[in-house]
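Here you get one chain, nothing else, as structure tokens; it is the form predicted on its own.
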Amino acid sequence: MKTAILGAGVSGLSLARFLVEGGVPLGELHLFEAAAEVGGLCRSKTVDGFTYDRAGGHILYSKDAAARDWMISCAGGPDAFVETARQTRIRFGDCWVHYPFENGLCDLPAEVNKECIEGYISAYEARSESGSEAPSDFDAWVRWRFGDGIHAHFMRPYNEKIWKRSLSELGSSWVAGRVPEAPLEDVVKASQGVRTEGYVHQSIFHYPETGGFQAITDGIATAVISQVRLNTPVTQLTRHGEGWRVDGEDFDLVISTLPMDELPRIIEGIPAEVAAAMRELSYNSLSSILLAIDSDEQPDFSWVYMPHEEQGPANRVTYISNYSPGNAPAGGSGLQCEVNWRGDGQAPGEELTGEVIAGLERAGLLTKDQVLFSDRSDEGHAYIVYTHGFEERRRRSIDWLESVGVLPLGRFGRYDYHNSDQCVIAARELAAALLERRSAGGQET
């Protein structure tokens, strides 16, 4: 069965490799990739010995040990990775606040601590007494879940910085069930100075020793790289008999990891209401800025959240050289700064890097004279934005694609808020279904 896989990011590469591992002849698979290299959102870049990840600081952790171990084995095995204990902080004025915020209240100024714990307790009591369900509006959800203090001091400014929208424009489905709730007892203890931990599922993570996070997708690609057509964007997808034509070439099966919002300009015959639903799927773009630092004396942090405007445009700073010593030359270190911008807007201009450096200097993370050089990478599709009505638009889009035999896969292929391990898990599940279909159809593997 001649199969086209549109996109050679982590989802497309993983699907192809799982199919080959399941017995599908390599020659049946054809991966179309618009870029000059594979990896998609997992690509990395090295400049003068400093390595950073182009689409934000990635880490490898997973609740699915088999998926994690498969990714590690594809990229050289455990000896090719660094295992790190997560150390994350929030920069609040001149304070380093433990993350998550509600587990670090004792690190705040006393008055802010008081506002946050009183608001948290009030919100907890109100939920318990009323039995109310989670609000569908994200701004209301934050107040309902965390209270007015945490809303005002962290959640509102930080999320507005990330999403570039008022929180009332967003739904809450992406956080309801995704963000674990800290027990009230833990938050009270944290306010009183007794250290508590949250989000322990990320407490240990892995990262490639060399090559950045891209070492993982490069490793996955080794089994299928001969079938990847680089510099080959898909411009037309048309129905032909029981199959599809991709830029005029016939295929029996098509799997698309391309952003769904771009499909109306590629696929012929999409009903108007489905095309509108696809186009209205919202996303944010991302600028990742490497700052090469002339010092290896850095805090033992993994990353730092920057919620406030005076800290500059970066919302998160990753100490990327702490992930692996291979990410910086001896005597140096690398900071990776993330700046989000609306996908329906224009990319920030050349002044962005200077603004980021100035903000980090005000925040006390560096001094300007420590910066040897900078480098910037932009990603058009980086984060899914859950505006109101998102679930209906997504459902309508996926239902139509599956009804005509184009199988969507991946973060933007399905508009699923998936990390890299979840992309691998989804690819593994789809490969299993396709192999079962193949077996039932009597085809040799």
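When you see a residue number, it is the position in the sequence shown, counting from 1. Note that the coordinates shown come from a computational prediction; the quantities given were computed from them, not determined experimentally.
Absent from the display: the form predicted in complex with a small molecule. The rest refers to it.
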item	value
Partner-facing stretch of 386 to 394, 400 to 408, 58 to 66, 44 to 52, counted where any non-hydrogen atom is within 4.5 angstroms of the small molecule in the model of the complex	58 to 66
Candidate from Ile293, Leu258, Cys116, Val187 lying within 4.5 Å of the small molecule in the model of the complex - any heavy atom	Leu258
Contact residue in the model of the complex, from Gly93, Pro135, Pro233, Gly354 (heavy atom within 4.5 Å of the small molecule)	Pro233
is_contact(Ala4, the small molecule) in the model of the complex, heavy atom dist at most 4.5 Å	no
Partner contact for His30 in the model of the complex: the small molecule, 4.5 angstroms, heavy atom	no
Proximity of Leu26 to the small molecule in the model of the complex, heavy atoms at 4.5 Å	no
Ala427 within 4.5 Å of the small molecule in the model of the complex, heavy atoms	no
4.5 Å heavy atom contact with the small molecule in the model of the complex for all of Ala34, Leu286 and His418	yes
